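Here we start with a single chain on its own, the form predicted alone, put down as structure tokens.
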């Protein structure tokens, strides 16, 4: 006799399938709207079936961090300079996490999840490159912290820019900037003369950070 149609059996689940469904939900609705019950509904299983693989929301978020960084691709850097390696790692990190802004915005505010994200093969390459640059261990710590904070700041800024009107922002600056603030006016005028995406380009800030690192090893 044929088996009655119904919900998929628990055996059809896997940790990977659960995490992929969770990531889709968070990408669409954000972490705050995410729940085990909502995840179970998306998977068409009883919520208890999920707990066999991932015991709670925190475990799912940690799993998602692992999933994102497992798919992070850093181009081969075997014969690259330390600077090229740092650039490659920064771009790989940025590209990987900006695909999931809802998750990363949440992660940035959670120290434990940030530390969990820091333990990745990509970061090992980053640490090694900075040692190769000639920094000592303490300097590497501060340099990595600065780079990661910069990456997160770019992501948060990009998210904010998507929800704002650059033209109105510039108009606000221009109207608020009097002759009392000549330096700020110079910046506003420069922004008006070229696309705002270029002015706030990711690589511009990264260039400044790398230039600072070079001064430490001269």
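Computed from a predicted structure; not experimentally measured. Residue numbers count along the first chain shown, from 1.
There is also a form predicted in complex with the DNA; it is not shown, and the following applies to it.
Novice: Is there a non-hydrogen atom of residue 38 within 4.5 angstroms of a non-hydrogen atom of the DNA in the model of the complex?
Specialist: Flag for residue 38 set to yes.
Novice: Considering non-hydrogen atoms and a 4.5 Å limit, does the DNA approach residue 48 in the model of the complex?
Specialist: Looking in the model of the complex, residue contacts with the DNA include residue 48, since a heavy atom lies within 4.5 Å.
Novice: Does residue 150 reach the DNA in the model of the complex if we count a contact as any heavy atom within 4.5 Å?
Specialist: No, residue 150 stays farther than 4.5 Å from the DNA in the model of the complex.
Novice: Report whether the minimum heavy atom distance between residue 69 and the DNA in the model of the complex is within 4.5 Å.
Specialist: Because no heavy atom of residue 69 falls inside 4.5 Å of the DNA in the model of the complex, the answer is no.
Novice: Out of 49 to 57, 151 to 159, 181 to 189, 22 to 30, where are the residues with a heavy atom within 4.5 Å of the DNA in the model of the complex?
Specialist: It is the stretch 49 to 57.
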